[in-house]
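Coming up, as structure tokens: structure 1 and structure 2, two forms of one and the same protein chain.
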Structure 1
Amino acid sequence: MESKRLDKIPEKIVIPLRQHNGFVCEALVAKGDEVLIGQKIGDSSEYNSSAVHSSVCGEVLAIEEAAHPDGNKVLSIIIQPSDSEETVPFTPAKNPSKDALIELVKESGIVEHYGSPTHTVLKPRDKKIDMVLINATASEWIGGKYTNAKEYASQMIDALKLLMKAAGASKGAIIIGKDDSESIEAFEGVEVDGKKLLVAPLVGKRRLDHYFKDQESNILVASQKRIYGKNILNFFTYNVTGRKVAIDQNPTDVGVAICGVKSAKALYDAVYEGKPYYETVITLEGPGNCPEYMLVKLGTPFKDIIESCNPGEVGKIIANGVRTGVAQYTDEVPVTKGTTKISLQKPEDVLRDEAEACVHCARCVDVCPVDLIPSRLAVMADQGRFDECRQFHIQNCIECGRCAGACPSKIYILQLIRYAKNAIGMAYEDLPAKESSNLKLGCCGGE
């Protein structure tokens, strides 16, 4: 599947100095400086941080607080682009060592779409990684130099090998959606170390270890039912590997590093082309002539992307999915490393239903993938009863939004749960260790 490139040069490019969960970078340029494509313009010596690069040639207009897709304002570098395509020198890395790869990941500004700098995922402090997973269940197709699906699949296998080497992991797997026939066809038959791949279906209680033994390979491609949600990592880890991750931990605590398609491709480009992470592919949906996929430069305002689609009057702009994303208050927000999707809605399509009283139908319970009681959590969150929310293990919520979608009373369940989780996160340093008695599957439950 081919992605369209945004050809229009924006009036300005906004590069946030923090595009990850961690420390804000310090600007390496000043107002009036001229920058080139790929030039490092922000960096930090802190471990939990990642460099940022210019995606265009142009002049630095300002360094100031600017709107961000997460709803906050972030210190950003504002650049007035020119029509030049001059880049800094790109130097490919020849057979880099493990430590050199980790340094390259940080220097190239590679960040996971869920917010973590990739080098902290591959080399977490005081932890050992033995398995690397590329979560490709969202069927992200990426920009790059490939002419067909097989070439794309081959690049992903090479990228997985680089991630494994950087992490010092002995095993690795790419997980695709079982309904994604295009990706299955792309990977089926690709050669890995002289053997042809067979896409392994993860069904029942079969996990990756079964197929590592069955195929006698340390690299797999497996398929499973798609999992959506903002905080799916622990749940995803359990479903794929069978390893349980405690509430207050993440997959690296059980030896698993989870990366996305974008970060994998970014590392491939950094090694084989010497190219830092300064452009990304996003998914578009809505009225007008929106291409399904578009390759854009990081820092491009949503406004310029929307105008290229000619959608007419727009009633709502949502970043990263209608169900779990964030509605934007301005179209001046920029595309960041965490931007995966832009959804547009016409004014008449914007839902304005008022929430009604819960009818106790339990539909939210039926659809919850981690067996919580969302309706009760929503009530307690609305009343500020955060201690009780903790007791009902609200931190297990993967924020998939199924509960809100199923609710006939149109209660804003997901928003209320997020509100409570944020409040708990700011108020407590610890999390309850006890598992909920009603939790049978997922990140913290039993089989």
Structure 2
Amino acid sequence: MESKRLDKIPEKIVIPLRQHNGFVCEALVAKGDEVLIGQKIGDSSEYNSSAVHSSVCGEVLAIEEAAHPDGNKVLSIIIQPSDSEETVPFTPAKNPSKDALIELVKESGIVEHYGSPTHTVLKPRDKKIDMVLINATASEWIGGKYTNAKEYASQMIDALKLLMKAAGASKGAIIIGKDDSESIEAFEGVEVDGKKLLVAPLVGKRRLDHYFKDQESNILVASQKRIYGKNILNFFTYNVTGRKVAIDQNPTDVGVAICGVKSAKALYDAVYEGKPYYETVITLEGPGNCPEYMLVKLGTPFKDIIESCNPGEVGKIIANGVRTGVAQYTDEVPVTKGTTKISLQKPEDVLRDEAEACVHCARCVDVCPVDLIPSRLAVMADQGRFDECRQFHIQNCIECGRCAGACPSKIYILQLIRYAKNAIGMAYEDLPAKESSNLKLGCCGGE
């Protein structure tokens, strides 16, 4: 799988001091300082935070609030890059211990694309992790960084072992997409400790536990239907392991740590090459000649990426997918550790539909992967009947947007559901803190 490297050096690089949902970092540099590639420029003493590094050589222009792709403004370090490629010295870690690994993850700035710093997933406070999953269902191989599929597969296995070691978990699995023949081919027959692994299909009640027994291995590769959405972790955990996560908890409460391909790769690089997390691969989609994947430095403004593919006039820029992503009001926003995809739409393709009355066609019910009745939830959310929404399990919604996409009446079901979920989140304290969201509500004591 090919991916292109963005060759052009952007005019400026914007590195937000918060690229996860924990605490914001403090800047370690000041205006006018020179920085090198891989230099740590932001850090925090809080556990729930992760360091940030410069992805270029250059001079710090300013430290100020700048637009962030989640829709808010975040304190960011703005760097004017030079064309030097000088890096700080990278020292690979030699056989690090469990605690050294956790420290390394935090120091290297590795965070999950869904927002949590990876070390808080691997080593949550007061909880024990016994299984690590790498969710590779939605992800491309980190294109360009691998010469062939086998290399990808064996590196992922190595990364999984590192993650398991860091978490102190005895079991681990890589989950790939059922219809992703390229990945299945890559992993079929991959060797772990001298044993060949077969890709185990997760169907019906056959979950991981079955295969751990069946293949007599503590490391597995399993395939299942792709799940996407903004809030999939609990559902994913249930599907893969059969462990039911309560609504107000997250997978670490049942001993499962979920990592992405990107953080796995970042950890691999950090351990074996000593490189911190300052580059990422994103997926591109849109008119013009967009390459499918592009290797970019963190902090590159969307503008430079978009210009490199000559899309013509752009009507809408969407970060992280057309189904659930956030539309951007400016192209100055940078690529962050949470950015997976940039989608462009021509002005004439931008949707402008008006919602009509629900005709109870039940399409939304048929497409919902978690068995909700979105039409009913939308009506109740609209009328502010949040308690009833809760009775109908609105918290299970994985925010995949399928319902709103399928609705012939063009009702903004997903938006209404999020509205209700947010309101419920504010009203009940037993629910987890909301991850960063670009919705600000004028309801129930919201900001």
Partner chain sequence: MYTISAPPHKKSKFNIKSLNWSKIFALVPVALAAIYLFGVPALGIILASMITAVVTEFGIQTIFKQKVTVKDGHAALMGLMLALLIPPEAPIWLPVFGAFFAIAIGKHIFGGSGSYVFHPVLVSWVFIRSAWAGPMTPLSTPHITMLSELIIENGAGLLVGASPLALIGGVYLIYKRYVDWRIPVTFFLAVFLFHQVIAFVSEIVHLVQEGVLNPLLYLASMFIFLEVPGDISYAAIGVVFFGILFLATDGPTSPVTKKGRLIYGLICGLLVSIYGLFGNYVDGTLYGILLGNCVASYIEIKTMPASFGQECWLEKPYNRIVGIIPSAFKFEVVTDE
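For the two forms, the rigid core is made up of the largest set of C-alpha atoms that agree within 1.5 Å on superposition. Because the structure is a prediction, the values reported are computed rather than measured. All residue numbers here follow the sequence of structure 1, with the first residue given the number 1.
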Does the form predicted alone correspond to structure 1 or to structure 2?
1
Examine residue 422 after superposing the rigid core and state whether its CA is displaced by 2 Å or more between structures 1 and 2.
yes
By the 2 angstroms cut-off, has the C-alpha of residue 31 moved between structures 1 and 2 once the rigid core is superposed?
no
Comparing between structures 1 and 2 on the rigid core: C-alpha of residue 380 shifted by 2 Å or more?
yes
Superposing on the core, what C-alpha displacement does residue 394 show between structures 1 and 2, in angstrom?
2.3
